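What follows is a single chain, given as structure tokens, in the form predicted alone.
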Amino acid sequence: MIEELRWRGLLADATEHAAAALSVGQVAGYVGFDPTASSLHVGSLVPIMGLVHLQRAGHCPIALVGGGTGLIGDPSGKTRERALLDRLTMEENAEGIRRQLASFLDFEAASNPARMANNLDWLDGLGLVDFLRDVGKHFSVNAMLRKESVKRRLEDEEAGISFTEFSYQLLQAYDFLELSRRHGCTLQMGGSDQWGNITAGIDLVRRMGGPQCHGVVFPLLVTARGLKFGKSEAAETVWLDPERTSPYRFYQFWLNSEDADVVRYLKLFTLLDRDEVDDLAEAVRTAPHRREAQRRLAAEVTRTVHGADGLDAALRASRILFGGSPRGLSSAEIEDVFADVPSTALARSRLEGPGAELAVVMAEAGMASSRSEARRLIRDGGVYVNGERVSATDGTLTTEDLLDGRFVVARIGKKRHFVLDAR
């Protein structure tokens, strides 16, 4: 498994005996997920794929939802104190994350089924006095202050760090102890910014008389241009929840991967083997304009996250921008696909009865400089309504032309789209 992670670029570091432990017997290992949002995002795919490879190697993956620690917040990678969420919101977020993880992990496997756990189960009833006496005594404040995540916050006098977030590393270490006791877990995985928390947990399990434990950390990803991975071109977070990021937008995020990044992403976020990745890498080198690697990446990841139906919807929406028919799309899908296309309001009453003359509407909507130019464009065969070429210069638009009872999608030439909104 360690060699697989290394080849795929998923390995940043590992504790000394982690590789040996993973090679000699079945290991239970976990990754923690912070439920401070109702959905995971594409940046979460790195640790998720770590669990996927753990299970594929015959080991037992545990997805730990931090329902308890999420109420406090991890200071790692943060320059400011997190806003604390209420318990009900945290529980709803945790449930949403559980559903998303079920798309990646096999919870019915015969020999190594995945498990879900929530640290609220043991942290909720934990007494402060007992915790400080039994666990806190094993932590040196001097060592805690040397943790990189704490040092960065202490250097910022304005931000600082609260005792709440300072204590986070104790609770994460305690999670490792509880998972060791409850599920025989001896491996924790996470981003490289979690190294200090992971080693603290290993030390706690050892000090409390538990088995030898191990850690594996993944790299924190940046693009070839040095930008943080996981943002769209509009600097929006790309979520796994289709209600927050549609399958079409999700597909487009991966399709827009740069040539310098796409091969690395194929290794990280798909299960394609070496030969397949090598073939796609060659395609990037010899025919980058075909974007074969980007299309394969987008298809593989979208299918995994949103299923075959989600991928089909994304492909159908993508084809519309290249001349496909928008018929069959819902209003929400049309708004999503044509979000960056000029849109003009059109009174629905004008489309009733005989309807409105298309050339007039085109001039009013800025699709043509005048009615005469609009008629010329129609005569030359360059005007399309809802994907169909218009031939009559005196043609009209009626309510029957409305997609999902609301939109008309017009196109001039191959790429100039316009949306008429008759809401």
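Sequential numbering from 1, following the sequence displayed. Rigid core: the largest C-alpha set superposing within 1.5 Å between the two forms. Just so you know, these numbers come straight off a predicted model, no measurement behind them.
The following text describes the form predicted together with the RNA, which does not appear among the structures shown.
Shown without its partner, this chain lists Gln100, Thr199, Thr223, Ser318 as candidates; in the predicted complex, only Ser318 has a non-hydrogen atom within 4.5 angstroms of the RNA. The partner is absent here; in the predicted complex, the one residue of Thr398, Ser372, Gln26, Ser391 having a heavy atom within 4.5 Å of the RNA is Ser372. With the RNA omitted here, the record of contacts in the predicted complex names 251 to 259 of 136 to 144, 119 to 127, 251 to 259, 274 to 282, defined by a heavy atom within 4.5 Å. In the predicted complex, no heavy atom of Arg56 sits within 4.5 Å of the RNA. Looking at His17, you'd find every heavy atom of it more than 4.5 angstroms from the RNA in the predicted complex. Mapping the unseen interface onto this chain, Gly405 falls outside it, with no heavy atom inside 4.5 Å of the RNA in the predicted complex. Taking non-hydrogen atoms only, Gly324 never approaches the RNA to within 4.5 angstroms in the predicted complex.
In sequence order, Pro288, His289, Arg291, Gln294 are the residues of 274 to 308 having a heavy atom within 4.5 Å of the RNA in the predicted complex; the partner itself is omitted from this view. After superposition on the rigid core, the Cα of Asp34 moves by less than 2 Å between the shown form and the other one. Here Arg6 does not count as shifted, since its C-alpha moves by less than 2 Å between the shown form and the other one after the core is aligned. Note on Leu255 and Gly413: their C-alpha atoms are nearer in the predicted complex, a change of at least 3 Å from this conformation.
A change of 3 Å or more separates the two forms for Gly310 and Gly324: their C-alpha atoms lie farther apart in the predicted complex.
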